[in-house]
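Starting off, we have a lone chain in the form predicted alone, written out as structure tokens.
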């Protein structure tokens, strides 16, 4: 029995950061556009995942056939927001050979010797792939800003630069999907504490997370400016409430699947005579009987 589609609104409309978006008003425990509960969402997710997987295979086949299109999923969010869960539970539903995953941490000395977009551009997905950025160039207007790693006049110029760069990437054939997973202060605290109470979670905890959490207001202000200044027509931001992990995974799956559907992906035509190959295969089989 098919699971019910309980989306009342396309989440790309419901979650898009438009001109009037106010981060302070976001209900981070909400589930915008989905009228079902957790059980409904968890039942619908794998069904949608199967559809997404076939679409990803079509994209991959197109890339193997001299296609030029790709998709880039950018994941941003503070620690514990669930970026790893999206990679594992959403992107993990498609064939890994069609995925190009890149995770951006503290820049290396070599990366710091280049323009901040240098290391990002190196990881753009090739044709036919779904690229996934776990953090991205937005760290250079988030962490860099909050931790005062460069002067304000430097990071403030980057918004326009990022918009122009993303436009160039889109014009080159890559569809950009930018997702910000926004967890509440209380929920983040509970998730960090869980990492300290469970030995199997110690490896996820970084003492630096405490310092980051102490700067919560500054990060919220920085994120608000990111949404205000870099949610564009060619690369909009989707701001996803992240207190309910099942909802954030469901929403990202739906955004990705609907985007792939609208790409109108078909299967490449055979570049050989299909009937001739059938006859050749039949003859070979007959010779081995």
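Positions refer to the first chain, counted from 1. Fair warning: this is a prediction, and the values are worked out from it, not measured in the lab. In this text, the rigid core denotes the largest set of C-alpha atoms whose superposition between the two forms falls within 1.5 Å.
Keep in mind that the form predicted in complex with another copy of the chain is missing from the display, and what follows is about it.
Checking 154, 117, 143, 193 for any heavy atom within 4.5 Å of another copy of the chain in the model of the complex turns up a single hit: 193. The contact with another copy of the chain in the model of the complex, taken as any heavy atom within 4.5 Å, belongs to 200 out of 200, 110, 148, 171. Another copy of the chain in the model of the complex is approached by residue 205, whose closest heavy atom lies within 4.5 angstroms of it. Proximity of residue 57 to another copy of the chain in the model of the complex falls within the 4.5 Å heavy atom cutoff. The closest heavy atom approach of residue 78 to another copy of the chain in the model of the complex falls outside 4.5 Å. Looking at residue 134, you'd find a heavy atom of it within 4.5 angstroms of another copy of the chain in the model of the complex. Note on the interface: of 93-101, 117-125, 160-168, 174-182, the segment with non-hydrogen atoms within 4.5 angstroms of another copy of the chain in the model of the complex is 93-101.
Counting a residue when any of its non-hydrogen atoms is within 4.5 Å of another copy of the chain in the model of the complex, the hits in 272-286 run 272, 274, 277, 278, 280, 281, 282, 284, 285. In this overlay on the rigid core, residue 277 has a C-alpha that sits 2 Å or more away from its partner position between the shown form and the other one.
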